[in-house]
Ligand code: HAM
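Before any questions on how it binds or moves, here is one chain, the form predicted on its own, in structure tokens.
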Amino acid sequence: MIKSLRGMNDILSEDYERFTYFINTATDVAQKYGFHFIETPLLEETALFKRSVGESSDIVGKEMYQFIDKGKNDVCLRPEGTAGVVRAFIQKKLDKAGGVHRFFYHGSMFRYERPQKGRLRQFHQFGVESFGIDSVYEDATIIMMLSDILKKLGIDYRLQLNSLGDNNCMPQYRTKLINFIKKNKNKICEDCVKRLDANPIRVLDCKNKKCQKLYINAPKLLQNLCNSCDDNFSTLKKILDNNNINYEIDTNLVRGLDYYSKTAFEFVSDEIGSQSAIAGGGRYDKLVEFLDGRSTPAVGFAIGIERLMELIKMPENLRNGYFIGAMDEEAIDLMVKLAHKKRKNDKVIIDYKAKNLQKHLKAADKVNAKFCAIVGLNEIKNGTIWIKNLETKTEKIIKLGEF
């Protein structure tokens, strides 16, 4: 028997209901904030992610599904969503058009890593990207949008904040951090030794417990911000305070990607074990320019859908739509005709086999229909249809034209 590949799951029945409920809820909130849908290809040039995500990241270094296609192109399945949206933004010359452009997206991402609960090799993200606004108010708005989505889904969270500075303060901080790491080089893991040369800031994102304990005493970026970045971060906190968005400061929060600057944030849950981050994002003002576009400020976030599936509080599953059944073989054609017309305005499920009333009522209950409608020889003769409201338990016979 052929099975699905490890870490690549099917989405069926109850999981599908949760999945679509999440997509519909997040989409509704994003549209209320003025964001528009964008879809980018699953397959992109590998260079896109090497240049944006960064070769020092675990995603590029260890986890990408990368191969040479039949046209001798070096390609990979997308491991995250932001880079593809930025590529599309530049390719469509929106960077040169100027103005504000706000997008949301959802779809599959791929990373070759060890599968575990909430972490798959094919997983799904919902994300938003905002281009053209160089204001911390947009950062705050993005955070508030994400907060709204999680609240609508009934998910409790903690918001963690940090600032990654900019080109004015990051170089000096990097030097201080490198000096600290070199003094403790014999105590850090092999991955952090590699990061020391490639991108030392990312050591703070290390998941090794010994390293995490060591970095508690590392220099803090928040204490080394320039005046502009410090004011920016203070304003962000003030906006969130004014809008009743609770947060905590995490000075080691750097995110797992190389393109962030200034605002960085994560939403975490205490209900999903070690994989506590359910969403995150930040500002990436240099990425458009780095990918050969015109310098454009940008900020965004992404939600890992599988990580929060079990946390979603589903609304009460109310009955809806019609189940139409036939009592006699001769009534099946009429049943199909009625269903075809009724579907212009309502959800309709039918059973192609003639059955007795009790079996049809049982089938209608199973699909959670609100109404069970039945036709048979008597209904054909009289031009009527029998209907039962499965919520109120009332029943009546009406003319087919009324139905």
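Numbering starts at 1 and follows the sequence shown. Just so you know, these numbers come straight off a predicted model, no measurement behind them.
Although it is not shown, the form predicted together with the named molecule is what the next lines describe.
The single contact residue among Phe323, Tyr173, Phe301, Phe89, judged by any heavy atom lying within 4.5 Å of the named molecule in the predicted complex, is Phe301. Note on the partner interface in the predicted complex: the residue among Leu120, Ala140, Ala331, Ala264 having a heavy atom within 4.5 angstroms of the named molecule is Leu120.
Looking at Arg111, you'd find a heavy atom of it within 4.5 angstroms of the named molecule in the predicted complex. Interface membership of Asp148, defined by any non-hydrogen atom within 4.5 Å of the named molecule in the predicted complex, is ruled out. Proximity of Gln125 to the named molecule in the predicted complex: non-hydrogen atoms within 4.5 Å are present. The closest heavy atom approach of Cys76 to the named molecule in the predicted complex falls outside 4.5 Å.
Heavy atoms within 4.5 Å of the named molecule in the predicted complex belong, among the stretches 303-311, 192-200, 163-171, 179-187, to residues of 303-311.
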